[in-house]
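Below, in structure tokens: the form predicted on its own, a single chain.
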């Protein structure tokens, strides 16, 4: 499929990686589902079993025993949190660089989110994590933000040492690896997202994977109506797990799109990784520019380039000048911004969190007596000073697969020209 060309006025393509590769394969798969009149995964006139195929793809790719597709990344987080038995009296530790769904999954389960610092990998700081684990800690949510991981092995060791469940959020890092091992294969549970902004997309969609028979069975029940199903796809209430489900199934239509997309995952991430490395090398040569620390550069899935500058003022000047020079997407895209502008990815931009808004008029979970231990937890800016400083001084450039080598070179040139204007060069 021919990708869009980028004009000199707008040097960045839109940040929607998988969208550039929606083509005949996706159309053919969806057509098969519709002609079979079987858009529901469990039964129909002639079920095409695309949901089964995608689940098996990820079981094989990750070397995991269990996989269940859901209708969104948010649904995947909620399913994983419920399967982990998070509820009142529990806290879940997560980095302050996240997405609102990470917080809401815990809050809606009745638990308490507890924030952890990030380091210059832009992922969870393992030292701060270990300091903050308490007897109340039910799980750690390790979020592989912006396409790459931090010190995932050490964090896994910390969780094992403290007997705490590790959940990997791999929503923004589908296709990423750590020293050859896929992200999403380190935690007790892991989730993925296939929303439009992700490395491959079904428009919306998510996945929960695990190895534990219990976690797998609970994830299945929670994503469904609360029970197992028999071979005919009918609900079976006689099993060991009898609970309350969410009906967050993925349809066969979405799974058909996703099946075609996952065949292209390595190609998409390979294109992004190449341009990502090019930008890091070129922009990183500017005095004062500090590229994101990548423990395994070859494992980065590549959709974001993060650069930290000596001061917040310099970061803002570089954004203003380079955007004026064309380093920006069209009117509907996001790219080349100061990270303080990255919305609900930054903890203190989540108003409901800062103000401890409840999910109902009773104010739960904050008002629950079992959560009294968290009454002094603060989520306002300043709660994570190390992260606050890093975010203030950092710039994020989106790196879609449509970005060409020539386009990346022009972006690097604009950055160098801008650096000269403010005296960095």
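Every value quoted in this text rests on a predicted model; they were computed, and no experiment measured them. Numbering follows the first chain given and starts at 1.
Although it is not shown, the form predicted in complex with a small molecule is what the next lines describe.
Inset, instruction - Specify the contacting stretch among 254 to 262, 82 to 90, 141 to 149, 314 to 322, defined as having any heavy atom within 4.5 Å of the small molecule in the predicted bound form. - result: Only one stretch qualifies here: 141 to 149.
Legend entry - 269, 201, 172, 78 - the one with a heavy atom within 4.5 Å of the small molecule in the predicted bound form: Partner contact (heavy atom, 4.5 Å) among the options: 172.
Inset, instruction - Would you mind picking the one in 73, 126, 95, 187 that has a heavy atom within 4.5 Å of the small molecule in the predicted bound form? - result: Exactly one listed residue reaches within 4.5 Å, namely 73.
Inset, instruction - Answer for residue 345 alone: is it within 4.5 Å of the small molecule in the predicted bound form, judged on heavy atom distances? - result: Yes - in the predicted bound form, heavy atoms of residue 345 and the small molecule come within 4.5 Å of each other.
Legend entry - Distance check, residue 221 to the small molecule in the predicted bound form, heavy atom within 4.5 Å: No - in the predicted bound form, heavy atoms of residue 221 and the small molecule never come within 4.5 Å of each other.
Inset, instruction - May I ask you to check whether residue 99 falls inside a 4.5 Å heavy atom distance of the small molecule in the predicted bound form? - result: Residue 99: contacts the small molecule in the predicted bound form.
Inset, instruction - May I ask you to state whether residue 302 is within 4.5 Å of the small molecule in the predicted bound form, using heavy atom distances? - result: Outside the cut-off, so no.
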